[in-house]
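Before any questions on how it binds or moves, here is one chain, the form predicted alone, in structure tokens.
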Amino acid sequence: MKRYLGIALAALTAILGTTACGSRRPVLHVYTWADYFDMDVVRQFEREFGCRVRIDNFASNEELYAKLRAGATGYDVIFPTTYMVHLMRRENMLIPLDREQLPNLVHLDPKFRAISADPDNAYSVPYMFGTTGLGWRTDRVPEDFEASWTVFANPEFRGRMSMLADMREAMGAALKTLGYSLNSTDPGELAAAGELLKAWKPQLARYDSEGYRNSLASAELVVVQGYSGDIIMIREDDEVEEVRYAVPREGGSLWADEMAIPAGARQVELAHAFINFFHRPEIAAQNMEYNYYHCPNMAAYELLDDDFLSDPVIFFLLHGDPELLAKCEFIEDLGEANALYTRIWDEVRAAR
């Protein structure tokens, strides 16, 4: 009898194990930027919460918005940038967050609440801050190279440069070059920015928001518009010492990516757990060390070494050059002016 009881218990254990580890586990669908967090963190979340995490990537906020606006459903956590949070909230595309399920928000750095898309965290929680600027190869440009958006007019690097396939970032670079706000809504200024992008376009290899990292690492490209963490990752993780990054002298964009739950999410409770998990101090620190961006989590700061915490590129908002910081802006939602940006951007992309 004991023998048969043992066999039965073993069988039951196997069945329960299969259920816990197999296809019956809940699936959390995450829509985010590429290579944005340590997959070891994701695997730890899966183990702790008995679930699977499926990740899809987008290349721009506009791609994220268009896909969800077109009716794509099934995503549980998304990572829009601040200005897109404003737009999506206005259009009822996000669900309210339950603060009781997010106890780790106590760790958020209060200095950054004022520049968050949602300072009360009613609909979103900040994940990472960063900048957009220029990455370049020191072994492929002159020694006196200075970070300036005007490099995209330089025929010396024709066919070996790229800009982001991102409407607001590309338009923002042109607007800054012309001395305008990257949040301008003036039709004349926007038209001038569009013409400048058309003039730069023949010098570019392509518009690229995802592959530029590998292309800069291999020296296929020598100058790119890119995100700060991506460029640092080339130098640190890919061990390409010849790569440098800087915000151009004209200024550039500051941004914060937020975590939010889209309307239509199926795993709302698990989505809250995911957001809360990402603000555990040790998890926030691990993700910062992975992607080289700034998570506004005060308890996580204490887990970082001094060299990392004092890095003026990663922590540009805390340690960046004050004069250059004053020339930078957060991208804002521009309401009805978004349509004008889209029209001009479409003209730029269609230009030869």
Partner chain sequence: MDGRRGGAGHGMRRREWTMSAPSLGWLVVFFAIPTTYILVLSFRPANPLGGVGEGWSLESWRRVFQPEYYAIYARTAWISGAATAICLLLGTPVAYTMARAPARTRAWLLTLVVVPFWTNFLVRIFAWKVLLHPDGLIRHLFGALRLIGPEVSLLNRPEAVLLVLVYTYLPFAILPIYAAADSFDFGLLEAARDLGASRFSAIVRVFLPGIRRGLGVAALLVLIPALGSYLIPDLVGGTRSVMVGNKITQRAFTDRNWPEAAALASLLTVAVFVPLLAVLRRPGSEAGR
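Keep in mind that what you see is a predicted model, and the values were worked out from it rather than measured. For the two forms, the rigid core is made up of the largest set of C-alpha atoms that agree within 1.5 Å on superposition. Numbering follows the first chain given and starts at 1.
The form predicted together with the partner chain is left out here; the points below concern that form.
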### Segment assignment from 126-134, 182-190, 199-207, 253-261: heavy atom within 4.5 Å of the partner chain in the model of the complex
199-207
### Task
Could you check which residue among 218, 101, 138, 148 gets a heavy atom within 4.5 Å of the partner chain in the model of the complex?
218
#### Entry: Interface residue in the model of the complex among 289, 63, 311, 321, criterion: non-hydrogen atom within 4.5 angstroms of the partner chain
63
### Task
Decide yes or no: are 70, 342 and 345 jointly within 4.5 Å of the partner chain in the model of the complex, with each residue judged by its heavy atoms?
yes
### Query
Is residue 271 close enough to touch the partner chain in the model of the complex, meaning at least one heavy atom pair within 4.5 Å?
no
### Message
With the partner left out here, check for me: in the model of the complex, does some heavy atom of residue 160 sit within 4.5 Å of the partner chain?
### Response
yes
#### Entry: residue 84: touches the partner chain in the model of the complex, heavy atom cutoff 4.5 angstroms
yes
### Message
If we define contact as a non-hydrogen atom of the residue within 4.5 angstroms of the partner, is residue 91 a contact of the partner chain in the model of the complex?
### Response
yes
### Message
Core superposed first: is there a CA shift of 2 Å or greater at residue 344 between this form and the one not shown?
### Response
yes
